[in-house]
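Shown below, as structure tokens, is a lone chain in the form predicted on its own; questions about how it binds or moves come after it.
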């Protein structure tokens, strides 16, 4: 295994009624001024807003609202939030929502205490912030991204047409109540769960010296995610399945799967740039891209994909060559995506404009050419191969 240092910064408050039971006490560690951050207003309709506000009032907090955080949070929105934090002298940022809200707030927490632009600092000058960020907590209402488990955030810079990761602030605590996901549209629940599966796969298909305990745990997380997605397809209200998926999401991104190994995340790099140009759904974009990417990768790295087929999908290797077993695993993934009702073509994704206007050869070329090429995966691809994958995904 590779050398590593592991430290887990986030206190997890998990289970039914977790906010009512634990949030008030958690708030007591911070000053009186709280910024309540959320997205388009669904938490007002489903009652979560009222529940959280009641807890905040009981804790004698002065609340400043920061709402309207979009599904692919923009750098402009980050700067708006950072200005609000400075103006209101916020002591704690409380992000209530899914990965987009939490990611936006992570960068707000870091930017609010910096005198320079965090994008330029990290992505141009390649320096990390050294000043402690504003404390933040998360109340997860849509699971899948695992954003509440680490300090990384994905932000879209609209002017630069770049969607990428920024290291910002890890939440001090996270409330994970599976019941909060019950009012989320089912397509979003499945999309989020596929994002969890993608995180585990992208870690698993990174380069490793040989089989290791992190891979064994990743296989368990993948099997659990697949199994519980199937349960939800039969019964969308299955609390046990939702609770397992919520913890699968956390496990996929709390660093455990990455201990002692390197990762791949080439599919995420492609989808990030696709999202920067089209504003498509992250999980659905990954569902479209993964089979096409893995068909190329498994030809170059059949050994690991054969293990994936056997240990995750339960496919027998009897009568198959290693290459055939590897390919069977990828096709099992592709068939599962269809059964989940996830999109299988780029043209099926909801975008900011009609796909026919956006998904031209020239735009696909721009997307592929602007993608980061991952050098630590089972197979290293070229920009030309990424372009071909995007074309096949149409």
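Positions refer to the first chain, counted from 1. The structure presented is a predicted model; accordingly, all values stated were derived computationally and were not measured.
There is another form of the same protein, the form predicted together with a small molecule; it is not shown, and what comes next is about it.
Although the partner is absent here, residue 39 lies within 4.5 Å of the small molecule in the model of the complex, judged by heavy atoms. In the model of the complex, at least one heavy atom of residue 45 sits within 4.5 Å of the small molecule.
Looking at residue 215, you'd find every heavy atom of it more than 4.5 angstroms from the small molecule in the model of the complex.
Although the partner is absent here, residue 304 lies well away from the small molecule in the model of the complex, with no heavy atom inside 4.5 Å.
At a distance of at most 4.5 angstroms from the small molecule in the model of the complex, all three residues 147, 183 and 268 contribute at least one non-hydrogen atom.
153 is the sole member of 153, 138, 257, 246 with a non-hydrogen atom within 4.5 Å of the small molecule in the model of the complex. Note on the partner interface in the model of the complex: the residue among 77, 282, 290, 261 having a heavy atom within 4.5 angstroms of the small molecule is 282. Residues with any non-hydrogen atom within 4.5 angstroms of the small molecule in the model of the complex fall in just one of 218-226, 295-303, 79-87, 95-103: 95-103.
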